[in-house]
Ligand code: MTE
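Given as structure tokens, the chain that follows is alone and in the form predicted on its own.
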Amino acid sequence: MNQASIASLISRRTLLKNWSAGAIGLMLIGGKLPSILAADESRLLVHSKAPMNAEPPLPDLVRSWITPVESFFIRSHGNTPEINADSFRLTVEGLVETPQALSLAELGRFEQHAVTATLTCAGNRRSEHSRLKPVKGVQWREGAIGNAKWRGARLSDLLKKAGVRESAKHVWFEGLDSVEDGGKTFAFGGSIPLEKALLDRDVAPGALLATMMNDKPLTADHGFPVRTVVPGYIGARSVKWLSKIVVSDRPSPNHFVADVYKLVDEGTLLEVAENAPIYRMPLNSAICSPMAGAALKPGRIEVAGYALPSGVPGVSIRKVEVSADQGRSWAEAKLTSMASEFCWQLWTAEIAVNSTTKELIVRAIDSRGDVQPETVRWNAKGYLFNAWHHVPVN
């Protein structure tokens, strides 16, 4: 019986069961990607369906240090492509000695590495920026973030096989999705400095070509069959549905590197051209329980949330503090998960509230002593909002 016949006999339910058990792994499925791998919208707060953008309810987000796939935020700029795994090829070109065109099977022959890393959208908490002054874009709350175990080949190993030329300085990524903007259609793209791509350390590779997420093959919404994962960098640099890698002497000219994912005040052409792309994620924290508007009884309550270190190698969260009196006094939270660079930490705190309590506030301090800022400057795209997180309560 040929492969196509076998695939047609396996029900979608059985396929997922086998994948979960690791029995199939990166099986080359004939035909299109099974639609059952799309998001369960009933578990997410959906901001838009085309493109798909959704985040989990905050209490679900912090139930475990590893974020289940069904509770992981989805960020898409265009369509979710249907990809034939048999014919899929990942190309490596540009300033290399030997261009590559790798099938999934060939990609799987590289040594496989695992890393636990947090991905967060640069627009996480954008809705709070919009309270200062309206900002366009997906009005993310605090849930455009998740921590997962990723597995795949290191980007550096592919670059070594291709042979990087001396003039190379940047690595571009291009996906198979199709984005429409300003009357033009193009693929989503990203790029990172070559130094980051080659910065492999024991705790994390510089960048990973992930085919697995939480020990299962990537779902359609999260980039099947392969995506980049760049620990410490904003999610926009971890390109989904990856199809092309280009080694270059300059950053990618793709719209999502050259024109957006930059900090700008007015967004004029000159300002955009003069400002550098955003790479590292900032120090941040948020309260996930109780939620905004919760009715609290006077006394001691439990507060829970996450704290995220900046994307600087070697930096982790050292302390989280919570206040119920508008920042006049602070109670130290208990960190309930391991400390690791490029990963969030979950925390809980017991704090006293009374009839005068109007809000809860959280701030984080990292291992270098940097403190999460009380306020941040507004920017025209609503990126990197990381001021103290305020949760109004009754």
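All residue numbers refer to positions in the sequence shown, first residue = 1. Note that the structure is predicted; figures quoted are calculated from it, not measured.
Another form, the form predicted together with the ligand, is not on view; read the next lines as being about it.
The shortest heavy atom separation between Val171 and the ligand in the predicted bound form exceeds 4.5 Å.
Remark: His77 counts among the residues lining the ligand in the predicted bound form, judged by a heavy atom distance of 4.5 Å or less. Contact annotation: Glu321 falls outside 4.5 Å of the ligand in the predicted bound form, judged by heavy atom distances. Of the heavy atoms in Val239, some are within 4.5 Å of the ligand in the predicted bound form. The candidate stretches are 311 to 319, 87 to 95, 198 to 206, 230 to 238, and the one lying within 4.5 Å of the ligand in the predicted bound form by heavy atoms is 230 to 238. Although the ligand is omitted here, in the predicted bound form none of His113, Leu155 and Asp215 has a heavy atom within 4.5 Å of it. Shown without its partner, this chain lists Leu119, Val247, Ala307, Cys288 as candidates; in the predicted bound form, only Leu119 has a non-hydrogen atom within 4.5 angstroms of the ligand.
The single residue of 142 to 176 lying near the ligand in the predicted bound form is Gly175, the criterion being any heavy atom within 4.5 Å.
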